[in-house]
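The form predicted alone is given below as one chain in structure tokens.
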């Protein structure tokens, strides 16, 4: 199969999604985690067939979504999923919020590790929980701060929210580190909820460890997964919460019954097609994203030597250290105001993001090159 076709710059600019409509037309958007990539052919076909057949009713995700996800997880990661333990939800955010409600997070601490995907704070606030931040350590490679997590877990929080792979830094925690996290969670009775939306997007040569494959994790953890990031389906609304044991399945069975009807029908159809028939497309995409990061590395070295970065292990997002440019959100503002390129401000991901920005490389080589050139111009 050939490399997935990224939109040309002109075609990308004709899109009407939030990425291309949030900012004025003269701003190049490289912020929100949405790719300018053509849909996988199996996904295109199932959506076209549904529209041609006026098949646009309510979603019927059970049991087909769980069966498709189970096949995908087994092929990609050796993760055995019981399709009967897959609960459909509209998106990962809804899944995380509903699980936090089920775990009794209202009025209680919920722990997570910034810099991390900014909605983590919003999800905790939505259920009335108290956000407790235990930042990642950074001694040249990202890690969970296990001693600090033990102190936080000893306070018996409602849950720990994991980001695996980690957005925005692109780090993939290894099995030993996850095993240590599971041991702490088991010892202190702290449920783990793992956002694994970027798991299909590990780059070539890297391996993700789904949390529920770690020994003992199934008894204390739930995973929230989706095809939306890897297959660019965010607007179609479909995700799933996965359990791996009877006790955690008992938690999911308390999910409000109407939640299963809230995913989009086209999202369910597209997700099933992606999980079932688009492996070759996904592998080609991963290779293309690795090429994009190669391009980014060369561009930064040539045009923005004051910006440091660490090549991610997963995602299509680059976490750029711009502290030589300024602290806080000063780099983001300078790139936007003077370069007319929109990136995500680092502080959006927590206090450790001061002086950082997140850059989306999931676009054409032309737009990536233009984006870095604009950023370099902004600093001259």
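Residue numbers count along the first chain shown, from 1. Everything quoted here is computed from the prediction, not taken from an experiment.
This next part talks about the form predicted together with a small molecule, which is not shown.
**Student:** Report the stretch among 100-108, 221-229, 137-145, 294-302 that approaches the small molecule in the predicted bound form to within 4.5 Å, counting heavy atoms only.
**Tutor:** Stretch 221-229 is the one.
**Student:** Give me the residue from 92, 273, 158, 192 that has a heavy atom within 4.5 Å of the small molecule in the predicted bound form.
**Tutor:** Checked against the cut-off, the match is 92.
**Student:** Using heavy atoms only and a 4.5 Å cut-off, determine which of 163, 285, 248, 185 is in contact with the small molecule in the predicted bound form.
**Tutor:** The residue from 163, 285, 248, 185 that makes the contact is 163.
**Student:** Is it true that 76, 202 and 208 each have at least one non-hydrogen atom within 4.5 Å of the small molecule in the predicted bound form?
**Tutor:** No residue of the spot touches the small molecule in the predicted bound form.
**Student:** Should residue 198 be counted as a contact of the small molecule in the predicted bound form, where contact means heavy atoms within 4.5 Å?
**Tutor:** Judged by the heavy-atom cut-off of 4.5 Å, residue 198 is in contact with the small molecule in the predicted bound form.
**Student:** Does the 4.5 Å heavy atom contact test between residue 33 and the small molecule in the predicted bound form come out positive?
**Tutor:** The answer is yes: residue 33 has a heavy atom within 4.5 Å of the small molecule.
**Student:** Can you check whether residue 167 is within 4.5 Å of the small molecule in the predicted bound form, heavy atom basis?
**Tutor:** Because a heavy atom of residue 167 falls inside 4.5 Å of the small molecule in the predicted bound form, the answer is yes.
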